[in-house]
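Take a look at this single chain, the form predicted alone, given in structure tokens.
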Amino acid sequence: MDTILVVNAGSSSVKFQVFSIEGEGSLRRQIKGQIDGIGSRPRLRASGASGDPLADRAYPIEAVADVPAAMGIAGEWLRNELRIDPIAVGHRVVHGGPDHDGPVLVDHGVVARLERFVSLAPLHQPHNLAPIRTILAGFPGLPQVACFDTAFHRTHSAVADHYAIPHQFYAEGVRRYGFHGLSYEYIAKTLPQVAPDIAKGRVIVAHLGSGASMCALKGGRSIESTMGFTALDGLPMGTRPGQLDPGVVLYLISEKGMSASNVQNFLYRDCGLKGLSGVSNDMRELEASEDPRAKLAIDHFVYRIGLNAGMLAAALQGLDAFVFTAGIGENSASLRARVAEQLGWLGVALDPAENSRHARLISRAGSRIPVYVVPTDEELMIAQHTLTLLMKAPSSNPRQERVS
């Protein structure tokens, strides 16, 4: 059985999924797992296609000190115990820069070019690239495909792409990229089956999770996003502030004496819901808390979603549907209800019963703007891109060197 391994690596975890290649190029999920607690309390957890547990193992800290070590353990478990021998590996890479508008086969040159964007996505990019380097070193003949969160947004117009700064900076790559593109691409490809009447229309998709953003789709293509040059912009997130006056950064440097690296760490790790609440960056904990600052953080999150919805509706010159996705968007009925209330002026009328049972369509029959909950699947999107790219490269032999 030919399989594709999908890897999504972070600073303290490596998530992985295995897809089997079925007839006529379709994919079926076989295994879903992760190693988390890297460098602290490493643990491997995995389940099969039907959710049945396959592994739950703890490891000593020294055994899983970093992402390459985690990749080694996950690879050994897949290879030796499950006899998984993938023909290719697909990776989520957050920042593709101005040159990549689609997935690409990886070599050392590609990795070197992608390293230039580490400072633009410090929470993600270095960890996304680590497993790629590990596999390049150990299995140089195994095809690897990088799939970019920025690529889907390369359809933006020049007007949407530019900042009001001298053109030389745009030429150097200082522009509005947008992120969470793999999630938005999956939603755009899924909407024709979920809601064919609006799939080609004007749709706002809210990807609400620890990282949060919103995207304006028109005809299934991204025309605007709340995120820009980096993954700091737009909505407030778990630990990132979202939209921020650049003068705040200047103040932190000139008046508070913070270095550039300290400011970067502060903005990526100490702000957002965590900084505003002083309680947690987890929406579930904030919703359960009675601390007034937790309430303020949620109020702020909802308010900014409403403001950005207005901006995106203006970019679309109207609105035909609104879609919730990602961890908070898919699972928090109370958050969805509050956002829907903010969108009442657009014609949104929520059905409380359908919302509480997490139905696919959660707006009332008479709502001028239908509202949907569509679970995202970035890993499947990566697997599909990987398979497509392999099929477009007939001169290569994906079986020449498997992970063995």
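Given the structure is predicted, the values throughout are model-derived calculations rather than measurements. Numbering starts at 1 and runs along the sequence shown.
Unshown form predicted together with adenosine-5'-diphosphate (ADP); subsequent notes refer to it.
Student: Is R284 part of the interface with adenosine-5'-diphosphate (ADP) in the predicted complex - any heavy atom within 4.5 Å?
Tutor: Looking in the predicted complex, residue contacts with adenosine-5'-diphosphate (ADP) include R284, since a heavy atom lies within 4.5 Å.
Student: Heavy atom to heavy atom, is A326 within 4.5 Å of adenosine-5'-diphosphate (ADP) in the predicted complex?
Tutor: Yes, A326 is a contact residue.
Student: Does P236 reach adenosine-5'-diphosphate (ADP) in the predicted complex if we count a contact as any heavy atom within 4.5 Å?
Tutor: Taking the distances in the predicted complex, the answer for P236 is no, it never comes within 4.5 Å of adenosine-5'-diphosphate (ADP).
Student: At 4.5 Å between heavy atoms, is P131 in contact with adenosine-5'-diphosphate (ADP) in the predicted complex?
Tutor: No, no contact at 4.5 Å.
Student: Answer with one of G275, G209, P126, G310: the residue that has a non-hydrogen atom within 4.5 Å of adenosine-5'-diphosphate (ADP) in the predicted complex.
Tutor: Selected residue: G209.
Student: Just one of T190, S289, N331, T230 has a heavy atom within 4.5 angstroms of adenosine-5'-diphosphate (ADP) in the predicted complex, so which one?
Tutor: Result of the distance check: N331.
Student: Using a 4.5 Å heavy atom cut-off, indicate which stretch of 181-189, 248-256, 162-170, 275-283 touches adenosine-5'-diphosphate (ADP) in the predicted complex.
Tutor: Result for this chain: 275-283.
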